[in-house]
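Have a look below at one chain only, the form predicted on its own, in structure tokens format.
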């Protein structure tokens, strides 16, 4: 075993979970159901590969949380009815029997839906840029959303809470609230997509309020052992280069609010152009490192960390306690095994997206 891999392969305690290493599968949208939101046999095999490859923790693709406005893509999975619950139950059972823990990511698309024509968001702001290729037949500009009223916000919260309760019922180890990448909760958090003048708009503490309330209310609804984490990012799928305008000052407000709401971990996303591009402020400060020092919560780092040297740098320098891989995991579903054995890692190729996302 290479000396530099020792940190990656060391165990970690995430609440009640005794993780055998620091390797986590990042949530990746796959749109591979048959349109009914029910997990398929191929999805079960997809997730089992990571468990058999010795990833200690798997975070699922974003899963929609209500019938109203949450669904992002036509073939996205949900967890809002009995058929979907049964499908996920079977999947969870297979993954856990293969040796990994598994957390369900809860997602509301908001304005960035490629499934709905009538969408809702924090405010009626036209989303930037165009829909993602490969995720739906709909392409071009996103529809301009309507601003959510308070009753619709209550529906959003209830969807997250009820889906979390279903996830615990069928054996998931926890849920991750998706407040990253430009989707609904990030639309509330972001200055230019939130022009509200009520308690959910204006200053940053108000803009993070919905995420904090969802965390807190899920915590009230589930058992004390059930993990409730949150995913954050600066960049978005339709605005990769966005950075929090207040840098570490913004981070301090956001991280402390989420800690006080009861978050069990913070997962900082940086898809696209790597950790430094998405996780550092304009001044070069590390937001995951700040989250760790301010809150003492476990932090999951993300963004091009598939090489042993880069993953070790992040762990050694306190940018994260765990490493989540997206493209690196697709290319190497047995990434931890390869590190243990000193095998060569495969480079990511676009055709690894062929199963589930036809880019």
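Positions refer to the first chain, counted from 1. Computed from a predicted structure; not experimentally measured.
One more form of this protein should be noted, the form predicted in complex with a small molecule, which is absent from this view; the next part is about it.
Though the partner is left out of this view, residue 70 does not reach within 4.5 Å of the small molecule in the model of the complex, counting heavy atoms only. Looking at residue 28, you'd find a heavy atom of it within 4.5 angstroms of the small molecule in the model of the complex. Interface membership of residue 114, defined by any non-hydrogen atom within 4.5 Å of the small molecule in the model of the complex, is ruled out. Interface residue remark: residue 120 is not counted as part of the site for the small molecule in the model of the complex, having no heavy atom within 4.5 Å. Here the chain stands alone, but in the model of the complex its contact with the small molecule, taken as any heavy atom within 4.5 Å, falls in 303-311 among 286-294, 50-58, 33-41, 303-311. With the partner omitted here, the residue from 181, 163, 187, 211 that has a non-hydrogen atom within 4.5 angstroms of the small molecule in the model of the complex is 181. Shown without its partner, this chain lists 250, 264, 173, 271 as candidates; in the model of the complex, only 271 has a non-hydrogen atom within 4.5 angstroms of the small molecule.
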